[in-house]
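Just the one chain here, the form predicted on its own, laid out as structure tokens.
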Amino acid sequence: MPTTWSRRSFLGRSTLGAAALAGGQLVSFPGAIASNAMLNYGPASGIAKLNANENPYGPSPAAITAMLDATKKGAYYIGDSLTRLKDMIAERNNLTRDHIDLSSGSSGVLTYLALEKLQQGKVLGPDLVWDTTTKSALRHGRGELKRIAKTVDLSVDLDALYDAITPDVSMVQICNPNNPTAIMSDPAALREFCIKASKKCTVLVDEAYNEITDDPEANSMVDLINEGHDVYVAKTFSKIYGMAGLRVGYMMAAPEKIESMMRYGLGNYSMNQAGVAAAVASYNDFDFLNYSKSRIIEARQMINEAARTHGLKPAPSQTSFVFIDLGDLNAETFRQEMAKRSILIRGIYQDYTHWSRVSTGLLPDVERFVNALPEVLDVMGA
């Protein structure tokens, strides 16, 4: 006897559970909403999260609206929105869309470039820099990561970096402002370095925090791309745009260089529709960007003032975090003591045992760090 199929019987027996289809869309019943409400999509209640350079003031309202619009239509594979975002980026930077490759956060394109350049030689960088993507690429291929010696003031020694470019170096990598030190290189000196160094090897400038600096346009090296230098510039929507978990970033370079780098990536399959929709909606949302930047700067000032008040020495910061010299105190112990008070910060980086990175966050959370600081220093015997 043939089985009679009906939409009602299918929905009744399906694994959709507490959901139904309405007008082609999946609509959750209250039971499903209640169960999802138990998930934590950010820090748990009572936690002051100041350890990951995230911007809790984003995404912008326009970005949130765009994400809802993109996903309620079915969350298809990415298409026109990606082209639109490339064109927007290209217009602002006097480039073409062929100068740009997007990925899941700037981590994607940074890894692709590292994979390519490590096939050609060593990657050179400062003693302390965010080179997680290069380290990841090293695990999947050949090559070597080469560092110059640290400086007393933690700044990037551009002259020493240039002198360290030997024939076996394929790329020199700079993060400006630098992570985790927060220090920005002088733009004129960096521009001179990029022009000179790019005659010997590829130069990568990671500008993840550029929009937070006092003069983003003057501090960017993107104009060197149109001048024909072997320079790559990486940017991200994770910081000023408040989209760290949405994973949208991009690389800019000459079209033939982008095409070559893209051989190591996944193309559009590394992107998500909601993230790109949010990026398109917020890229020119200057009201939100100004608001976001003002809150970051206010939080940064609070951290700096608290550190100085208690005899600590913060490095000069042009970013959404502060790198603090704890003197004789151990950074990991400092981190642990803050964690006991539900305040999350970073501990030791490499052999910088007396330096601690504190990210800006919600102002009440930064205030908790400020208020806890004298007690923690007292416990540690400062």
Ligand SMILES: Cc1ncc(COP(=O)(O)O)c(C=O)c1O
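On a predicted model such as this, the values are computed, not experimentally measured, just so you know. Note that residue numbering follows the sequence shown and begins at 1.
Beyond the structure shown, there is the form predicted together with the named molecule, which is absent from this document and is the topic of what follows.
- Contact with the named molecule in the predicted bound form, defined as any heavy atom within 4.5 Å, is confined among 231 to 239, 72 to 80, 215 to 223, 157 to 165 to 231 to 239.
- This chain is displayed alone, yet in the predicted bound form one of Leu113, Val276, Cys175, Ala253 has a heavy atom within 4.5 Å of the named molecule; that residue is Cys175.
- With the partner omitted here, the residue from Ala208, Ala299, Val123, Val203 that has a non-hydrogen atom within 4.5 angstroms of the named molecule in the predicted bound form is Ala208.
- Contact annotation for His99: none of its heavy atoms lies within 4.5 Å of the named molecule in the predicted bound form.
- Taking non-hydrogen atoms only, Lys86 never approaches the named molecule to within 4.5 angstroms in the predicted bound form.
- Interface membership of Ser107, defined by any non-hydrogen atom within 4.5 Å of the named molecule in the predicted bound form, is confirmed.
- In the predicted bound form, at least one heavy atom of Trp130 sits within 4.5 Å of the named molecule.
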